[in-house]
Ligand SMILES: NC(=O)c1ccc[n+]([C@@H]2O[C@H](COP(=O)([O-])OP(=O)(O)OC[C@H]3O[C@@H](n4cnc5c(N)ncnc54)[C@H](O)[C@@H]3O)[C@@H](O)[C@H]2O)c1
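First, one chain by itself in C-alpha coordinates, the form predicted on its own.
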Amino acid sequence: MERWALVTGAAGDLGRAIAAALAADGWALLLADHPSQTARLGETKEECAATGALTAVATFDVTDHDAVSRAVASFAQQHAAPAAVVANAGIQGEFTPIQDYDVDVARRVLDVNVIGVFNVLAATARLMIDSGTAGSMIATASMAGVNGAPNMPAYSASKAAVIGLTKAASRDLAPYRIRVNAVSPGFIGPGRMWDVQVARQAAAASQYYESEPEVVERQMVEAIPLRRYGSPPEVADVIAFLAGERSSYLTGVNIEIAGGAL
(Lines give C-alpha, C1' and ligand atoms only; values in the text may rest on other atoms or scores of the structure.)
Protein backbone atom coordinates (compact mmCIF):
# COMPACT_ATOMS: atom_id res chain seq x y z
CA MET A 1 0.00 0.00 0.00
CA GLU A 2 1.38 3.39 -0.97
CA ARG A 3 2.39 5.95 1.64
CA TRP A 4 0.95 9.27 0.49
CA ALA A 5 2.50 12.64 1.27
CA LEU A 6 0.74 15.96 0.66
CA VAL A 7 2.94 18.93 -0.30
CA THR A 8 1.36 22.37 -0.61
CA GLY A 9 3.15 25.12 -2.48
CA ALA A 10 4.49 22.36 -4.72
CA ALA A 11 4.83 24.64 -7.76
CA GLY A 12 7.55 26.76 -6.15
CA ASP A 13 11.29 26.12 -6.05
CA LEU A 14 11.25 24.81 -2.48
CA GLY A 15 8.03 22.84 -2.96
CA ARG A 16 9.49 21.13 -6.01
CA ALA A 17 12.64 20.20 -4.09
CA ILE A 18 10.53 18.84 -1.22
CA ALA A 19 8.52 16.72 -3.64
CA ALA A 20 11.70 15.34 -5.19
CA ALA A 21 13.19 14.45 -1.81
CA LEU A 22 10.02 12.66 -0.70
CA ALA A 23 9.81 10.82 -4.01
CA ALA A 24 13.39 9.64 -3.53
CA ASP A 25 12.33 8.22 -0.15
CA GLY A 26 9.56 6.21 -1.76
CA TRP A 27 6.56 8.40 -0.99
CA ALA A 28 3.60 8.69 -3.34
CA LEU A 29 2.78 12.35 -3.76
CA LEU A 30 -0.26 14.59 -3.69
CA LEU A 31 1.09 17.86 -5.04
CA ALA A 32 -1.00 20.96 -4.39
CA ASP A 33 -0.86 24.66 -5.16
CA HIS A 34 -3.06 27.63 -6.00
CA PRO A 35 -5.10 27.36 -9.23
CA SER A 36 -3.00 30.19 -10.69
CA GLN A 37 0.05 27.89 -10.49
CA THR A 38 -1.43 25.02 -12.49
CA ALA A 39 1.25 25.07 -15.20
CA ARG A 40 4.20 25.03 -12.79
CA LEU A 41 2.45 22.43 -10.65
CA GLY A 42 2.23 20.24 -13.73
CA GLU A 43 5.97 20.61 -14.23
CA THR A 44 6.60 19.45 -10.68
CA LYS A 45 4.34 16.46 -11.26
CA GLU A 46 6.17 15.53 -14.47
CA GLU A 47 9.58 15.72 -12.78
CA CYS A 48 8.46 13.50 -9.90
CA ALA A 49 6.62 11.05 -12.14
CA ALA A 50 9.78 10.70 -14.25
CA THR A 51 11.52 9.21 -11.19
CA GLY A 52 8.83 6.54 -10.95
CA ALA A 53 6.93 8.15 -8.07
CA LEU A 54 3.17 7.81 -8.04
CA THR A 55 1.83 11.38 -8.24
CA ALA A 56 -1.47 13.22 -8.14
CA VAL A 57 -2.25 16.94 -8.16
CA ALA A 58 -4.83 19.19 -6.55
CA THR A 59 -5.43 22.92 -6.85
CA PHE A 60 -6.97 25.00 -4.09
CA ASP A 61 -6.50 28.23 -2.19
CA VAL A 62 -5.09 27.36 1.23
CA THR A 63 -6.96 30.30 2.78
CA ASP A 64 -10.30 28.69 1.87
CA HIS A 65 -10.98 26.20 4.64
CA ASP A 66 -13.86 24.48 2.86
CA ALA A 67 -11.90 24.14 -0.38
CA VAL A 68 -8.93 22.58 1.44
CA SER A 69 -11.21 20.18 3.32
CA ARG A 70 -13.06 19.12 0.17
CA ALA A 71 -9.86 18.55 -1.80
CA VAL A 72 -8.11 16.39 0.78
CA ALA A 73 -11.31 14.47 1.64
CA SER A 74 -11.93 13.71 -2.03
CA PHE A 75 -8.36 12.50 -2.40
CA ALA A 76 -8.62 10.29 0.70
CA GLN A 77 -11.80 8.68 -0.65
CA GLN A 78 -9.99 7.74 -3.86
CA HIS A 79 -6.66 6.75 -2.33
CA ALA A 80 -5.90 7.10 1.38
CA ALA A 81 -5.36 9.68 4.07
CA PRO A 82 -1.86 11.13 3.76
CA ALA A 83 0.69 9.84 6.25
CA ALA A 84 2.89 12.91 5.73
CA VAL A 85 1.78 16.50 5.29
CA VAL A 86 4.08 19.37 4.33
CA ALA A 87 2.36 22.74 4.76
CA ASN A 88 4.72 24.71 2.58
CA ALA A 89 2.55 27.27 0.76
CA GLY A 90 3.42 30.87 1.61
CA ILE A 91 4.09 34.39 0.34
CA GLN A 92 6.67 37.03 1.29
CA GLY A 93 4.57 40.19 0.96
CA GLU A 94 6.08 43.67 0.84
CA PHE A 95 9.60 44.66 1.89
CA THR A 96 8.66 47.80 3.78
CA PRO A 97 9.22 48.97 7.38
CA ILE A 98 6.22 48.60 9.65
CA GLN A 99 5.41 52.30 9.77
CA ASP A 100 4.82 52.29 5.99
CA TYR A 101 3.50 48.75 5.55
CA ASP A 102 0.13 48.38 3.81
CA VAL A 103 -2.25 46.78 6.31
CA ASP A 104 -4.18 45.00 3.55
CA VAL A 105 -0.97 43.36 2.36
CA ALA A 106 -0.22 42.38 5.95
CA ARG A 107 -3.63 40.74 6.25
CA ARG A 108 -3.03 38.78 3.05
CA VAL A 109 0.39 37.56 4.23
CA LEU A 110 -1.05 36.44 7.56
CA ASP A 111 -4.02 34.81 5.83
CA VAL A 112 -1.88 32.73 3.47
CA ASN A 113 1.01 31.96 5.81
CA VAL A 114 -0.89 31.34 9.05
CA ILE A 115 -4.53 30.54 8.26
CA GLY A 116 -3.34 28.58 5.21
CA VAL A 117 -1.13 26.37 7.36
CA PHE A 118 -3.89 26.06 9.96
CA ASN A 119 -6.38 24.93 7.30
CA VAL A 120 -4.05 22.32 5.84
CA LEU A 121 -3.07 20.87 9.22
CA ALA A 122 -6.65 20.86 10.53
CA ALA A 123 -8.19 19.26 7.45
CA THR A 124 -5.60 16.53 7.12
CA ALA A 125 -5.49 15.87 10.86
CA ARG A 126 -9.21 15.06 10.80
CA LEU A 127 -8.65 12.55 7.99
CA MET A 128 -5.68 10.95 9.72
CA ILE A 129 -7.51 10.64 13.03
CA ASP A 130 -10.67 9.22 11.45
CA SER A 131 -8.70 6.63 9.48
CA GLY A 132 -6.31 5.78 12.30
CA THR A 133 -3.35 6.93 10.23
CA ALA A 134 -0.25 7.74 12.25
CA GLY A 135 2.21 10.07 10.57
CA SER A 136 4.04 13.33 10.39
CA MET A 137 3.24 16.95 9.64
CA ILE A 138 5.83 19.56 8.77
CA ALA A 139 5.22 23.30 8.47
CA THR A 140 7.60 25.60 6.61
CA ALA A 141 8.42 28.50 8.93
CA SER A 142 11.45 30.80 8.56
CA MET A 143 14.36 32.32 10.44
CA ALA A 144 12.41 35.56 9.98
CA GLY A 145 9.94 34.08 12.43
CA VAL A 146 12.72 33.22 14.88
CA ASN A 147 14.55 36.54 14.94
CA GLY A 148 12.51 38.99 12.87
CA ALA A 149 13.70 40.37 9.54
CA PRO A 150 14.03 44.06 8.67
CA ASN A 151 11.41 45.39 6.26
CA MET A 152 9.39 42.17 6.61
CA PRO A 153 7.08 42.71 9.61
CA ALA A 154 4.09 40.76 8.28
CA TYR A 155 6.19 37.86 7.01
CA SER A 156 8.16 37.68 10.27
CA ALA A 157 4.97 37.73 12.32
CA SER A 158 3.39 35.05 10.16
CA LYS A 159 6.31 32.68 10.46
CA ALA A 160 6.56 33.20 14.22
CA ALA A 161 2.89 32.24 14.35
CA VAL A 162 3.60 29.10 12.31
CA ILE A 163 6.18 28.03 14.90
CA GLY A 164 3.66 28.56 17.71
CA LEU A 165 0.96 26.74 15.75
CA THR A 166 3.33 23.82 15.20
CA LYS A 167 4.04 23.50 18.91
CA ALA A 168 0.36 23.66 19.84
CA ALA A 169 -0.66 21.17 17.14
CA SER A 170 2.05 18.76 18.27
CA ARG A 171 0.41 18.64 21.71
CA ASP A 172 -3.09 18.17 20.27
CA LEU A 173 -2.12 15.41 17.86
CA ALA A 174 0.41 13.41 19.89
CA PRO A 175 -2.35 11.14 21.32
CA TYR A 176 -3.11 10.05 17.75
CA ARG A 177 0.55 9.26 16.95
CA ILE A 178 0.76 12.25 14.62
CA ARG A 179 3.97 14.24 14.96
CA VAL A 180 4.11 17.94 14.06
CA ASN A 181 7.36 19.81 13.45
CA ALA A 182 8.55 22.92 11.64
CA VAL A 183 11.61 23.94 9.69
CA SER A 184 12.96 27.48 9.57
CA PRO A 185 15.17 28.10 6.54
CA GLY A 186 17.50 31.08 6.52
CA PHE A 187 18.85 32.50 3.26
CA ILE A 188 18.09 29.92 0.56
CA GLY A 189 19.03 30.15 -3.10
CA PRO A 190 19.39 30.31 -5.97
CA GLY A 191 15.90 30.84 -7.25
CA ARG A 192 13.07 33.31 -7.47
CA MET A 193 12.63 33.86 -3.72
CA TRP A 194 16.34 34.62 -3.28
CA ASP A 195 16.38 37.01 -6.22
CA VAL A 196 13.24 38.79 -5.03
CA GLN A 197 14.52 39.10 -1.48
CA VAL A 198 17.84 40.56 -2.58
CA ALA A 199 16.24 43.03 -5.00
CA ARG A 200 13.54 44.17 -2.58
CA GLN A 201 15.88 44.59 0.38
CA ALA A 202 18.11 46.70 -1.87
CA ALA A 203 15.12 48.80 -2.89
CA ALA A 204 13.90 49.23 0.70
CA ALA A 205 16.70 51.72 1.52
CA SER A 206 17.31 50.70 5.15
CA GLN A 207 20.33 50.86 7.45
CA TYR A 208 20.70 47.10 7.18
CA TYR A 209 21.47 46.74 3.49
CA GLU A 210 23.00 48.82 0.72
CA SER A 211 21.01 49.87 -2.34
CA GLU A 212 22.83 47.74 -4.94
CA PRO A 213 21.53 44.15 -5.21
CA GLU A 214 24.99 42.68 -5.74
CA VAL A 215 26.17 44.33 -2.52
CA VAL A 216 23.08 43.14 -0.64
CA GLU A 217 23.75 39.59 -1.79
CA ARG A 218 27.27 39.80 -0.42
CA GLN A 219 26.04 41.28 2.86
CA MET A 220 23.56 38.46 3.31
CA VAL A 221 26.11 35.75 2.63
CA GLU A 222 28.67 37.37 4.93
CA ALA A 223 26.14 37.21 7.77
CA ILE A 224 26.13 33.40 7.54
CA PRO A 225 28.91 31.57 9.43
CA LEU A 226 29.17 28.97 6.64
CA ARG A 227 29.57 31.89 4.18
CA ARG A 228 27.05 30.63 1.65
CA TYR A 229 23.30 30.44 1.27
CA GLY A 230 21.56 27.12 1.56
CA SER A 231 19.87 25.28 -1.28
CA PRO A 232 16.27 24.08 -1.64
CA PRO A 233 17.42 20.43 -1.63
CA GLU A 234 19.20 20.98 1.70
CA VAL A 235 15.92 22.16 3.23
CA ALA A 236 14.00 19.39 1.48
CA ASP A 237 16.28 16.69 2.90
CA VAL A 238 15.49 17.83 6.47
CA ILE A 239 11.78 17.77 5.67
CA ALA A 240 12.08 14.26 4.22
CA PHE A 241 13.83 13.20 7.43
CA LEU A 242 10.99 14.64 9.52
CA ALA A 243 8.39 12.95 7.33
CA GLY A 244 9.69 9.46 7.91
CA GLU A 245 10.33 7.08 10.79
CA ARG A 246 13.95 8.17 11.20
CA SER A 247 12.56 11.10 13.21
CA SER A 248 10.00 9.03 15.13
CA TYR A 249 10.75 10.66 18.52
CA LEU A 250 10.69 14.26 17.30
CA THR A 251 7.59 16.39 17.69
CA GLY A 252 6.97 20.04 18.53
CA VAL A 253 10.43 20.96 17.21
CA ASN A 254 11.48 23.84 14.97
CA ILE A 255 14.67 23.02 13.09
CA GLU A 256 16.70 26.05 11.98
CA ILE A 257 18.33 25.49 8.60
CA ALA A 258 20.46 28.58 8.41
CA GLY A 259 24.15 27.76 8.08
CA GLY A 260 24.79 28.76 11.67
CA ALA A 261 23.14 32.19 11.41
CA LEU A 262 21.58 33.34 14.67
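Owing to the predicted nature of the structure, the values given are computational and were not obtained by experimental measurement. One rule holds for the numbers: they count along the sequence shown, beginning at 1.
Omitted here: the form predicted together with the ligand. The next part is about that form.
For the marked spot (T96, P153 and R218), a heavy atom within 4.5 Å of the ligand in the predicted bound form is absent from each of the three residues. Picking from 98-106, 170-178, 123-131, 81-89 the stretch near the ligand in the predicted bound form, with a 4.5 Å limit on heavy atoms, gives 81-89.
Residue in contact with the ligand in the predicted bound form (any heavy atom within 4.5 Å), chosen from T166, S142, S136, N119: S142. Residue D61 is the only one of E210, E234, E47, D61 with a heavy atom lying within 4.5 Å of the ligand in the predicted bound form. The shortest heavy atom separation between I188 and the ligand in the predicted bound form is within 4.5 Å. Among heavy atoms of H34, some come within 4.5 Å of the ligand in the predicted bound form. Contact annotation for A204: none of its heavy atoms lies within 4.5 Å of the ligand in the predicted bound form. Although the partner is absent here, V198 sits far enough away that none of its heavy atoms falls within 4.5 Å of the ligand in the predicted bound form. Applying a 4.5 Å heavy atom cutoff to the ligand in the predicted bound form picks out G9, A11, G12, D13, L14, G15 from 1-19, in order along the sequence.
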